[in-house]
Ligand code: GRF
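Given as structure tokens, the chain that follows is alone and in the form predicted alone.
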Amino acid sequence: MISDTPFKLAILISGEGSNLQAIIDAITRGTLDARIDMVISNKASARGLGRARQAGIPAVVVAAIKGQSREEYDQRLLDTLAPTAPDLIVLAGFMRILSADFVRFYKGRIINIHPSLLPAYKGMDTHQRVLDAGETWHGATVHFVTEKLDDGKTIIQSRIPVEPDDTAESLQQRVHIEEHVIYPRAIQWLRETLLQPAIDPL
């Protein structure tokens, strides 16, 4: 049985916010039983901030300060998040690597979506790398965040065939469509199971 307690999300973004919008839309449709309490971006120019504000969600910029260490920046993130006490941190195109201290603080409660079929093609430029390698399948993975980049346990994947005329741009567009389906689905699954001790994010 699902608790009546709100499942509180904090979503971290850096840019367009299309996955943020997919999550907002899923909540609006009633297919995702969650509440977004805060959206944080490290960039004031992120279009996703406008998406959040249009939906009535508090949107905050925590910009990097020149000379500031990753640990110092992440402490500012922790301080910003603390009042909302989120149940889940959702990385939706957040283009920073989180420090070990941040990941440990929210251990088992941080997820990310990566544009590849992990464990293949960790890191950047996945669409072009898939094409260069002559792969026949590509896709997206929702996974728990650990101290190692793109290394946490997989929650859900979706795969698509690589077409003969695909470019990096066309692959990116088709993978985005899959991301917008599986990210809200993964969050809903966690809504139903996160508090159960059987889940091991490592």
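Note that residue numbering follows the sequence shown and begins at 1. A quick note: this is a predicted structure, and the numbers were derived from the prediction, not measured.
The same protein has a further form, the form predicted in complex with this ligand, not shown here; the description that follows concerns it.
Undergrad: Among R53, R70, R35, H176, which has any heavy atom within 4.5 Å of this ligand in the predicted bound form?
TA: So the residue touching this ligand in the predicted bound form, by this definition, is H176.
Undergrad: Please pick, from V130, I89, V103, I113, the one residue with any non-hydrogen atom lying within 4.5 angstroms of this ligand in the predicted bound form.
TA: Of the candidates V130, I89, V103, I113, I113 is the one lying within 4.5 Å of this ligand in the predicted bound form.
Undergrad: Q188 near this ligand in the predicted bound form, any heavy atom under 4.5 Å?
TA: Answer no; every heavy atom of Q188 is more than 4.5 Å from this ligand in the predicted bound form.
Undergrad: Contact with this ligand in the predicted bound form for P184, defined as at least one heavy atom pair within 4.5 Å: yes or no?
TA: Contact with this ligand, no.
Undergrad: Does this ligand get within 4.5 angstroms of any non-hydrogen atom of G108 in the predicted bound form?
TA: Output for G108 is no: heavy atoms all beyond 4.5 Å of this ligand.
Undergrad: Does E16 reach this ligand in the predicted bound form, with heavy atoms at most 4.5 Å apart?
TA: Result yes; E16 sits at the interface with this ligand in the predicted bound form.
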